[in-house]
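Before any questions on how it binds or moves, here is one chain, the form predicted alone, in structure tokens.
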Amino acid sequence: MLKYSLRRLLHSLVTLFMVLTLVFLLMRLLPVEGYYGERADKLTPAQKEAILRKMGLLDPWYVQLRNFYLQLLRGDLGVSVIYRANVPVKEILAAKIPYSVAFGLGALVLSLVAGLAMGIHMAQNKGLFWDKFWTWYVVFINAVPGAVYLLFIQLYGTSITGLPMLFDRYNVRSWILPLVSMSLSGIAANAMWLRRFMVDELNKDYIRLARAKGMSSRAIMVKHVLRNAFVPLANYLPASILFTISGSIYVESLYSIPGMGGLLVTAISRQDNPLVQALVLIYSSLGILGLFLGDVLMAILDPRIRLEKQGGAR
């Protein structure tokens, strides 16, 4: 188990390194005009060169990449160059992270509770009205772009329910629509996977044997179907952190939540490299951590996985 966990951790670190390196190089391919801001027309060529040299952007790319990782190993995320010039990135993120964490965790809990309950209800009513009804919901969420239905929820949700359209930290009612919006895709994913795994279990021979022995449907569902169906689902639950946080990028901008999502969009558009790199580090680390925990959790719950001989295959 320890060998498998270390191997998966190493793979995760390699993936994180590749993501950060790719983003770093892509940011260096953007036009340099963005680094001058609104004063671009007023600067002389010598002043522009001095600005780029101060940022280290005139060094070879491999030197810039080396310096970036050396800073990162020291826990230094750099300073903002455009968004809030000369302000440490840590200071900027310190004011943004609590909002994203609060909404991300709240949406994650909501998506798990509602999604698992929906999946169980669908499996119990396979082929009946409620199974078809919730299936249409899952299809809709996966087929329609999030920007469309999330904007629809904001516009018509506020007019129908009377809830505030924009976030206000002092008004709890203004938190409802953002939380619901962030959790919709997670609810659909959890419901879809749990229904699938439960239906697969219901069609197996040991379930027919349990019914032939006179075991009640409720006991079969709780002791066998749900328990065994949860094992493969456990691989997807930690990874749902990735989808919840990814969705928050658009939702935070939509509801004017002062979190990391809107900050990432602004930092990219204004080419604030240190800020973009720090945000990508946070988002990619959370996503990769979710996938890693999913692998480990599945290995813990299912002892049938032969970790040593199959080299971690599942």
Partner chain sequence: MMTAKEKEVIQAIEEQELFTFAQYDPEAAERTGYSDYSYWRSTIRVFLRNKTAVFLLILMTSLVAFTFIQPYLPGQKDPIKIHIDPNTGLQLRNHPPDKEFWFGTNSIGQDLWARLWSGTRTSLLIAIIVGIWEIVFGTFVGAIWGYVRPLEAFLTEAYNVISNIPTTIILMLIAYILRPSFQTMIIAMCATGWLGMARFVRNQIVIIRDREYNLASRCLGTPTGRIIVKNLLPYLVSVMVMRVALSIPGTIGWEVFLTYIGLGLPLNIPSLGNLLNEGRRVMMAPALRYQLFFPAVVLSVITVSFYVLGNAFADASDPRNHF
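This one's a predicted model, so the numbers in the text were calculated from it and none came from an experiment. Rigid core: the largest C-alpha set superposing within 1.5 Å between the two forms. Numbering follows the first chain given and starts at 1.
The next section is about a form of this same protein that is not shown, the form predicted in complex with the partner chain.
- Relative to the partner chain in the predicted complex, residues Val144, Leu155 and Leu291 are all within 4.5 Å by at least one heavy atom.
- For the candidate set Leu184, Val89, Met192, Met198, a heavy atom within 4.5 Å of the partner chain in the predicted complex is found for exactly one residue, namely Met192.
- Looking at Tyr250, you'd find a heavy atom of it within 4.5 angstroms of the partner chain in the predicted complex.
- Interface membership of Val23, defined by any non-hydrogen atom within 4.5 Å of the partner chain in the predicted complex, is confirmed.
- Using a 4.5 Å cutoff between non-hydrogen atoms, Leu297 does not count as a contact of the partner chain in the predicted complex.
- Contact between Tyr283 and the partner chain in the predicted complex is found at the 4.5 Å heavy atom cutoff.
- The stretch among 115-123, 101-109, 134-142, 70-78 whose residues place heavy atoms within 4.5 Å of the partner chain in the predicted complex is 134-142.
- Residues Ile268, Ser269, Arg270, Gln271, Val276, Val280, Tyr283, Ser284, Gly287, Ile288, Leu291 of 266-295 are found to place at least one heavy atom within 4.5 Å of the partner chain in the predicted complex.
- Superposition on the rigid core between this form and the one not shown places the CA atom of Lys204 2 Å or more away from its counterpart.
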